[in-house]
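Next up: just one chain, as structure tokens, the form predicted on its own.
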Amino acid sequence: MASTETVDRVTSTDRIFEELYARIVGLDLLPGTKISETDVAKSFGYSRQPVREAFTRLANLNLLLIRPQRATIVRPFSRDLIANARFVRAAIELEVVRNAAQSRDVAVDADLKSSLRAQQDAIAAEDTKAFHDLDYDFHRLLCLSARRPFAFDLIATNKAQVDRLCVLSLTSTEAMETLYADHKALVQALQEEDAGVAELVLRQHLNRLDPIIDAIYTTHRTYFDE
């Protein structure tokens, strides 16, 4: 019985975590929004224990700020946390594309091409949410291509801070087209086994966020903690 209860709690925690993660990253829950264990538990129909565990996981990703004796809030953006997350992600993903260019798993090529087609469809439909999801999965496929699937877990952990900014930045067809062009160039470099070009394209791709962060800081100052 204890084992069954543990599995049920883990499943409940996962469900709550995934739902809240999606709402926070998708900006349905804006930075600074108060969030209550009791209210979330009621909305899901669960006890507070799995909610508390989900909150802890989100706090570990710096998406929630749990304050003793005060309301838990969706963590505001932090320029320091964003900079740290981007540094770690770049270090990992540059090694990923280097590995993929030198010895990629060709079985992943079809999935990468399919992803590019789906990205084009999302752009044509002006569906920024679909494009954001496809962008996320594209970088997972890069790790598979490099035969380093575990690397995406590390990338995803550090992407959490940045993904909320990406939702704010993906507001136009032009923005999506720019990222798609990067993705297409990156796939071509991998297939041509050109590690130098792959690294250059990825650096350019990741650096596109620099002016976006500055613009969002100016236009959405209340979303930041400093």
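Since the model is a prediction, treat every value here as computed from it, not as a measurement. Note that residue numbering begins at 1 and tracks the sequence as displayed. Superpose the two forms; the largest set of C-alphas matching within 1.5 Å is the rigid core.
What comes next is about the form predicted together with the DNA, which does not appear here.
In the model of the complex, at least one heavy atom of residue 39 sits within 4.5 Å of the DNA. The closest non-hydrogen atom of residue 52 lies within 4.5 Å of the DNA in the model of the complex. Taking the partner from the other structure, the DNA in the model of the complex has no heavy atom within 4.5 Å of any heavy atom of residue 184. In the model of the complex, none of the heavy atoms of residue 119 sits within 4.5 Å of a heavy atom of the DNA.
With the partner removed from view, the residue among 168, 30, 175, 66 that has a non-hydrogen atom within 4.5 Å of the DNA in the model of the complex turns out to be 66. When the DNA is considered in the model of the complex, only one residue from 128, 99, 72, 115 comes within 4.5 Å through any heavy atom, namely 72.
Only one segment in the set 195 to 203, 176 to 184, 30 to 38, 154 to 162 has any non-hydrogen atom within 4.5 angstroms of the DNA in the model of the complex, and it is 30 to 38.
Residues of 150 to 183 placing a heavy atom within 4.5 Å of the DNA in the model of the complex: none. Residue 187: CA moves less than 2 Å between this form and the one not shown after rigid-core fitting. After superposing the rigid core, the Cα of residue 73 is displaced by 2 Å or more between this form and the one not shown. If you fit the rigid core between this form and the one not shown, you'll see the Cα of residue 51 move by 2 angstroms or more.
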